[in-house]
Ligand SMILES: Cc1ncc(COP(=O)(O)O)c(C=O)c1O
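The chain that follows stands alone, in the form predicted alone, written as structure tokens.
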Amino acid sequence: MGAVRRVLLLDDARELPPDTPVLRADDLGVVRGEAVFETLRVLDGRPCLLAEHLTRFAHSAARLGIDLPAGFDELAHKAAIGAEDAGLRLTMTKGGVGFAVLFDVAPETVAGRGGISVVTLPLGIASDLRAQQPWLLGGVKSTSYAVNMAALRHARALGADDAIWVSTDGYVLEAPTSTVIALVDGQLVTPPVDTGILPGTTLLACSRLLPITAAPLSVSDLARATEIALLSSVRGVAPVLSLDGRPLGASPVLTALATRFETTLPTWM
């Protein structure tokens, strides 16, 4: 996340100085990571794909037993006013604090839209485990992101920009902050959400532009894919230029998808 521009509390949509503390030390969002969030793109003063993000936000809150008050729609619109191209993070803690943070898009995020290098990392679980064990919170976007951030740091220590998690039974899951799509045998494929991955809002938007099939994607399928991309809200469609050190070459289908996504995104307000 880049530099914070604006902070607004859900209560009365009041704007605070960006460096104002908003959480108590005993808030369960801080103490136990029991908070949910959504990060979305802001263009021309308006939040993109807000309805889709708020639907996922409500689902995550319900799974964590968090009461999600009304008002986040209005809060997001107020926070986005005047921002030409930025990121917006909405958060609700189990301590009862809701807020929005508008932030600059980091330079490395912008650069990633042109392509990234990726390594595969084991997540240490079978592909069907989270679907069978609801307490593992598959498909929930909570603030318990320590493992996600550690995976990104490890990928960068290996000289890559990002990572793709794979299961113990040999299937692709997701990236620490992104959804995976791959062109295999001429078909765009993404892992199904019943593996416990987070349902991607950017994937949903891209599926309106090109057919994308949700189906099991094995590690061997990924290795022979001719094109791969990671999809996320602020970075958008990031073509993978190399996987585990193997150059992938040009990505005409996914580069075209990235261009169409960037062109169409402002219409999904």
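Sequential numbering from 1, following the sequence displayed. Only a predicted model underlies this, so the values are computations on that prediction, with no experimental measurement involved.
Note that the form predicted in complex with the ligand isn't included here; everything after this is about it.
Taken together, the three residues Arg56, Glu174 and Gly200 all come within 4.5 Å of the ligand in the model of the complex, as judged by their closest heavy atom. The chain is drawn here without the ligand; in the model of the complex, the stretch among 240-248, 26-34, 57-65, 224-232 whose residues come within 4.5 Å of it by any heavy atom is 224-232. Heavy atoms of Thr109 never reach within 4.5 Å of the ligand in the model of the complex, leaving it off the interface. Put simply, Ser178 is close to the ligand in the model of the complex: some heavy atom of it is within 4.5 Å. The ligand in the model of the complex comes within 4.5 Å of a heavy atom belonging to Asn148. Using a 4.5 angstroms limit between non-hydrogen atoms, Lys94 is distant from the ligand in the model of the complex.
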